[in-house]
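First comes one chain, alone, set out as structure tokens in the form predicted alone.
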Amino acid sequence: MKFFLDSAKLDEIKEAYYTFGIDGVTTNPKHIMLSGKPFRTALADIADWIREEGITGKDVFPVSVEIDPHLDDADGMVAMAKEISSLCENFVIKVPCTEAGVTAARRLEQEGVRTNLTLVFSPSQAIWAGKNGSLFVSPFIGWKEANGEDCKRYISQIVEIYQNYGYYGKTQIICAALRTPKQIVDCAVAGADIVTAGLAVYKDAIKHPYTRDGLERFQNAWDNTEGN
């Protein structure tokens, strides 16, 4: 399973890449806002770092970028997607799972612009990404579980459907909006291709009180060993 960082802050992207070896990035308008930079400035900074690091290419380090969420027609979505994708060969274009978004994603994929069908909240929505050949589909987890839904079955159904019809691996399943280490585990067990989460979630996933307790015990033993 691959790990993407859900952020548009370049300092977080660098830390996650150098510390955790993340495999890609997902952004959205809220992440861009929190970066404190204008949309195109934030994208340019990420693109420059990618080139400096020598990790160009969607197959090496994909970065999902969401188009203007006010766009509600396929023509407008396609036009902006082409503009943004031309800025960096790593950029994959996020389009919403609406009728216009599905139409735009299908057209873009036919024209060689890779897409990520986002804001997916049901297996029936996820089918369209696989059918139309999107590179990614992003079923959201955190929002649903925050409203009392258990998402393990939801992700398992998407995986099963994709396996049934040959979409699995061609359209990669990104479990999005993860909030806890448990959700990472649930998605991994279900067979998702990728999880994307904030840096704090990944840091929490490494922690365990027994690890800390064990380290303290070993430190004490080390300090009380003659000759150390």
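One rule holds for the numbers: they count along the sequence shown, beginning at 1. Note that the coordinates shown come from a computational prediction; the quantities given were computed from them, not determined experimentally.
Although not depicted, the form predicted together with a small molecule is the subject of the following passage.
Residues 28, 140 and 179 are all found to lie within 4.5 Å of the small molecule in the predicted complex, as judged by heavy atom distances. Residue contact with the small molecule in the predicted complex: residue 171 places no heavy atom within 4.5 Å of it.
With the small molecule omitted here, the record of contacts in the predicted complex names 28-36 of 183-191, 28-36, 158-166, 48-56, defined by a heavy atom within 4.5 Å.
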